[in-house]
Ligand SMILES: Cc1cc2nc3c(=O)[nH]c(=O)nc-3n(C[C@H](O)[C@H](O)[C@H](O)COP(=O)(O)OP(=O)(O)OC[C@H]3O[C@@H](n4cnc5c(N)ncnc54)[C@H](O)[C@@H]3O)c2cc1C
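Heads up, the chain below is alone and in the form predicted on its own; it's given as structure tokens.
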Amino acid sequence: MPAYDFIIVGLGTVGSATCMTLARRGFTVLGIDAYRPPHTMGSHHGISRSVRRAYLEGTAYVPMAFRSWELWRKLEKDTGQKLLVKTGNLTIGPPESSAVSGFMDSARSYDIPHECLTPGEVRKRWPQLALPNNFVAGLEKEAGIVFPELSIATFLAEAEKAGADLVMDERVDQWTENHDNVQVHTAKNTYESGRLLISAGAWTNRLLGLPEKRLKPKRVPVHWIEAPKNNHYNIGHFPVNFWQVPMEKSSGSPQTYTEFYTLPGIGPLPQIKAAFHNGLVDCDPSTLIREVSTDEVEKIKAVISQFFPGLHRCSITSEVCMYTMTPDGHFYLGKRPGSNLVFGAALAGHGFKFAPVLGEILADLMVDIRPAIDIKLFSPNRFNLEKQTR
């Protein structure tokens, strides 16, 4: 039976980065994936991901974002790959919206270079964007995009270079934890290690044996709009932009928002990436409907027509990926409750920008080193504590 210091199940965003980090530290590491990453069956595909540091989801993320930016740049130097490109990032909505106010609080608290722009200022710089007059935009100047498929391929190549073994096209059925080791069982083999990380995206909840609603897979239709030939929507001319648009509400009810984003076109045949970030539907990854419906395409077309009028006649192609959501929308990082040797990770739909620092954090946790960054917000135990206090 092969024996390793660590086994990583799932070689997507966080699994590939953790595999690389542990192997570079000199440990024996086995990475296992049910497919052959980078692939289109999980959450990590899609050509581009945004990277920012003024983080509206809470300032607890900001130190991680700074460290991750450093590690992206270091990985580029180590490998000669271009993984991160600066584009600027606009957060758009009413001044009182949580997206805009959260962006401004984060940028001010951490002295992140930024601007607060009026609708007229945005339209003057980027006439591609049709902001309502009651909206504002927060611009983070030092933000951009990373390339997920290339990044994961780079993490895994570096892991192998450092001595990791990678097993592809082999699905994990179960694991068993003993006093001083973990056995991982697939249809083909049984592997043994000192510690185990489950980072299998939408399959993580089942593999960890958590309560059904702890980590919930969500179906995410993603769309690519054929860019006009004028280059106005291409990288270098068009920033990443995230919108929080108020929905109609009845008197006395709290305000809710529709959230969506677009990313600039890349390459010789550029396409603008667009997707909704909330209002997503639960799914089962084993029976996921991967065809995007006409209704789903029409919904994104309505947003494009209203806020990006120059794109409303452009053709659209679509596909599906998945988020793995926690009840509070924050990451799940750390030791599985009730286990001593088994760890889990889930990223709640906003984790790729943090991939290298998440690899560093989980590598620390798995060797009993306290991470340099405070990650109490992401502890798996927080859900058990919530239950106890009710």
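In this text, all values refer to a predicted model and were calculated from it rather than measured experimentally. Don't overthink the numbering: it's just position in the shown sequence, from 1.
The protein also exists as the form predicted together with the named molecule; that form is not presented, and the subsequent description refers to it.
* Looking at 360-368, 335-343, 62-70, 37-45, which lies within 4.5 angstroms of the named molecule in the model of the complex, counting heavy atoms? -> In the other structure, the partner sits against 37-45.
* Interface membership of residue 21, the named molecule in the model of the complex, 4.5 Å heavy atom rule -> Residue-level check for residue 21: no, no contact with the named molecule.
* Are any of the heavy atoms in residue 321 no more than 4.5 Å from a heavy atom of the named molecule in the model of the complex? -> Yes - in the model of the complex, heavy atoms of residue 321 and the named molecule come within 4.5 Å of each other.
* Asked: Taking heavy atoms only, is residue 99 within 4.5 angstroms of the named molecule in the model of the complex?
  -> Because no heavy atom of residue 99 falls inside 4.5 Å of the named molecule in the model of the complex, the answer is no.
* Asked: Is residue 141 close enough to the named molecule in the model of the complex to count, meaning some heavy atom within 4.5 Å?
  -> No - in the model of the complex, heavy atoms of residue 141 and the named molecule never come within 4.5 Å of each other.
* The unique member of 166, 304, 222, 75 whose heavy atoms fall within 4.5 Å of the named molecule in the model of the complex -> Flagged contact: 222.
* Counting non-hydrogen atoms within 4.5 angstroms of the named molecule in the model of the complex, say which of 207, 129, 83, 245 makes the cut. => Flagged contact: 207.
* Within 353-374, which residues come within 4.5 Å of the named molecule in the model of the complex, counting heavy atoms only? -> Counting only heavy atoms within 4.5 Å of the named molecule in the model of the complex, the single contacting residue of 353-374 is 353.
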